[in-house]
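Taking the form predicted on its own, here's one chain by itself in structure tokens.
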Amino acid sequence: MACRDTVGRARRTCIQWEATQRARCAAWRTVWTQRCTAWATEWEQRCTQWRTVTERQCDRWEEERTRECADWIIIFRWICLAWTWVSTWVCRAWSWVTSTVCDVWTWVTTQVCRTWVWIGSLVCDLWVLVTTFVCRLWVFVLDTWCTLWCAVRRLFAPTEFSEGRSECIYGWTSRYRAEFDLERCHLQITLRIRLNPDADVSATALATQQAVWETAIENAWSGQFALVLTDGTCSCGRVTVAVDVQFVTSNEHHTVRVRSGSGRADMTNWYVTSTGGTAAHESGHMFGNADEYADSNCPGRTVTSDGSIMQSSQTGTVKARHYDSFARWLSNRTCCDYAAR
């Protein structure tokens, strides 16, 4: 079905969107996690290097001052050594404090970085969740609309089809039975006609003409074109059409008065001498088609010159446009789009 295709495309878009965005979030998370790890590693190395350098400086200070103190006389030597001890202790305290500050700085900034990664990942995941939800909600709306739309379309494709038609001053009702065989991809059109002969029309003459009319209508309208799928994914890409004419005494689609003699026929009035071409032309009205010849009562009519049966009943043939009613019925029934080809 055409709208089902739209729903399917929308659903696939949502799935693709979610996968793409989740991949982007994962990639962003990976990149920033690596950056935080690299930052922590770099500053840990810097702090370690600073600690090593300052401790060495303190050790060197102590060694140098101690050697200097050895040259002093005893009373001043103890003062020098005390000074050396105090200053060395201050140096090492400074080394410890600055190294600790460096370690704290490394830990805090690393935690800030990792918190940023967590918050950014959370926001990204929420963004994916919300947008995917909105997308799927839209798919649900489309699917619901499609279901309702197809249900409405099927209302216009009942098995016993009936549709009012009008042209200028003329008005009539198109009626027939349509049955779609999905397995055979075949559309069967049944046209039930009740003949009401005048009293002066003999049963023999009526039976003879009835056989002529039935054959002419079926031959003219059956299998002239296929209904080809133009939009949607229905299983039948090409549907054959056959018309079956049944002359009945009840449950008719159309009632035709049969008169004796000869004259100009119309959809509801035939003559016992009317040809098969005339019957085929008039059945075209029963299928919903308008006349295609010039008529002063209908100046806006489309007049054709392509040998149409609706323009010339005796020599014309059925054209693809004359299957429009069948194509429209099938399109509504299947919720796909079909056209005569």
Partner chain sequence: MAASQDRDAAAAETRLTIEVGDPLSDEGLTRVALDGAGEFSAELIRKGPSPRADQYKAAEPIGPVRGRMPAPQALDLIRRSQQFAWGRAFPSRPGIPDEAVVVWRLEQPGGETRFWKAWLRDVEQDSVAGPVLDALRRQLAELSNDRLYL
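Source: prediction; values computed, not measured. Residue numbers count along the first chain shown, from 1.
Here the subject shifts to the form predicted in complex with its partner chain, a form of this protein not shown in this document.
If you check in the predicted bound form, do Y293, N297 and T315 all have a non-hydrogen atom within 4.5 Å of its partner chain?
Yes, the whole trio is in contact, each within 4.5 Å by some heavy atom.
Thinking of its partner chain in the predicted bound form, which stretch from 26-34, 66-74, 41-49, 307-315 has heavy atoms inside 4.5 Å of it?
Checking each option against the 4.5 Å cut-off leaves 307-315.
Ok, F180, W172, W138, W149: which has a heavy atom sitting within 4.5 Å of its partner chain in the predicted bound form?
Flagged contact: W172.
Just give me the single entry in G263, G164, P158, G120 that has a non-hydrogen atom within 4.5 angstroms of its partner chain in the predicted bound form.
It is G263 that has a heavy atom within 4.5 Å of the partner.
M267 versus its partner chain, in the predicted bound form: is there a non-hydrogen atom within 4.5 Å?
Result yes; M267 sits at the interface with its partner chain in the predicted bound form.
Taking the shortest heavy atom distance, is F225 within 4.5 Å of its partner chain in the predicted bound form?
It does not: once its partner chain is placed as it appears in the predicted bound form, F225 has no heavy atom within 4.5 Å of it.
Against its partner chain in the predicted bound form, would R259 count as a contact residue? Criterion: heavy atoms within 4.5 Å.
Yes - in the predicted bound form, heavy atoms of R259 and its partner chain come within 4.5 Å of each other.
F247 near its partner chain in the predicted bound form, any heavy atom under 4.5 Å?
No, F247 sits far enough from its partner chain in the predicted bound form that none of its heavy atoms falls within 4.5 Å.
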